[in-house]
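What follows is a single chain, given as structure tokens, in the form predicted alone.
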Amino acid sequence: MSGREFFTTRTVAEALAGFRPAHRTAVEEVPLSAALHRVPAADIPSPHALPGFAKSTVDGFAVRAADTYGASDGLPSYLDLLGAVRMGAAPTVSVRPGGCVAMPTGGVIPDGADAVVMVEYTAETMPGTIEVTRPVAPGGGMVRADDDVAAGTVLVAGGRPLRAPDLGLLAAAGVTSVPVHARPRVAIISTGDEVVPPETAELTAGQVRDATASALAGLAIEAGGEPVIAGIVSDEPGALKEKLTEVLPSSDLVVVSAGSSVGARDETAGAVAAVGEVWCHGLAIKPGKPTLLAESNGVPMIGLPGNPLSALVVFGQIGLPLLWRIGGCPTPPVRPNVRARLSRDLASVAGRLDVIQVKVTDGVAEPLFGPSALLSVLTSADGYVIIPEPATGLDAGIDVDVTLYP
């Protein structure tokens, strides 16, 4: 079977928009302590308002704001001290005209008060009398019962990985467990008679340790996946098809690190086509053109180039968004980026997306080049610059967006 029968090249934009297998992971309930970075399966509404009561945001005195109007250092307002609010307890006193109540930060606002004046703008000139030297507006120095969250409104949205503040908000609302998508199981298959396990102590001529699988596993974990190293498959005809048939039923995504030769790519395409439907065999991206996308009963499969640099670049551009989507997150989290000045001209070809590794020093992005077999190019890079598909290159001296690696 010839690779030409499969070679349907697509742009990266077409792949991101058009290759959208329907498979999603199951939903499971996890405690809040295990929910960081997990993806909620649905919006989670607040069972009640937060904070649930009007409270002070400063140390000071609960007042009627109208009693402080016009107060100044030269002409202070004098208020009767009616009592104090204790932390964690309901007020036992209310505020009447011309009076005030001492307040700790976080204390419950007593009836009759509509503001809290900061203690810095007050003084006790005589026992039981508080001098106010700064006016306060209604609502000043306090939050109302539903200022944080109204009852029934969404605490956290479904489809977005939970961050630390989200966990705090859920805890404040009394939500102690969350329905989330299960972590996608990513089966990683390496191929090639020349590939040997990383623990191989001595290499014979032509052998290479399997570096790509470990790096792909790390990328999968960063995107919320659960990698499964499925082993190394020989170039023997039928071996890859057998392995795919074995791993597909228990996988949410299957990644094949294919050999670099045309023959190896043909074998991968043939094996994938035997167990599923090929969507494209070739991406207009550099590095990484010999990439294959397919699916089997809704489970996506990615055939990556054999060279490690190419494989990891493609997986970053295509595999990670796909992995997030399988795990219930339709829009992947935005990676941090910086603006930097490009140090040299970069050429490209219209219709192809180029991913250029760069080192950023003092606001200057220096492109890093090397054969696609060299992982050291990636390990030396701080991030990458994209030359978009319509462009024919980028000029030295322009400001570019550098997407940073974690």
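Being a predicted model, the structure only gives us computed values, none of them experimental. Rigid core: the largest C-alpha set superposing within 1.5 Å between the two forms. Counting begins at 1, following the sequence as shown.
Omitted from view is the form predicted in complex with a further copy of the same chain, to which the following refers.
81, 221, 118, 273 - the one with a heavy atom within 4.5 Å of a further copy of the same chain in the model of the complex
After the contact test, the surviving option is 221.
What is the one choice in 199, 242, 73, 277 with a heavy atom within 4.5 Å of a further copy of the same chain in the model of the complex?
Answer to the contact question: 199.
Would you please decide whether residue 165 lies within 4.5 angstroms of a further copy of the same chain in the model of the complex, comparing each non-hydrogen atom pair?
Although a further copy of the same chain is absent here, residue 165 would touch it in the model of the complex, with heavy atoms inside 4.5 Å.
With a cut-off of 4.5 Å between heavy atoms, is residue 378 one of the residues that contacts a further copy of the same chain in the model of the complex?
The answer is yes: residue 378 has a heavy atom within 4.5 Å of a further copy of the same chain.
Using a 4.5 Å heavy atom cut-off, state whether residue 129 contacts a further copy of the same chain in the model of the complex.
So residue 129 does not count as contacting a further copy of the same chain.
Report whether the minimum heavy atom distance between residue 104 and a further copy of the same chain in the model of the complex is within 4.5 Å.
Residue-level check for residue 104: yes, a contact with a further copy of the same chain.
Going by heavy atoms within 4.5 Å, which of 205 to 213, 242 to 250, 292 to 300, 324 to 332 lines up against a further copy of the same chain in the model of the complex?
Partner-contacting stretch among the options: 205 to 213.
Given a further copy of the same chain in the model of the complex, answer whether the residues 32, 90 and 174 all have a heavy atom inside 4.5 Å of it.
Checking in the model of the complex: 32, 90 and 174 are all within 4.5 Å of a further copy of the same chain.
Taking a further copy of the same chain in the model of the complex, which residues along 316 to 353 bring a heavy atom to within 4.5 Å of it?
336, 337 sit within 4.5 Å of the partner.
With a threshold of 2 Å on the C-alpha, tell me if residue 236 counts as moved between the shown form and the other one once the core is superposed.
No.
Core aligned, does the CA of residue 159 move at least 2 Å between the shown form and the other one?
False for residue 159: its C-alpha shift is below 2 Å.
Under a superposition restricted to the rigid core, does residue 92 display a Cα displacement of 2 angstroms or more between the shown form and the other one?
Residue 92: C-alpha displaced by 2 Å or more between the shown form and the other one.
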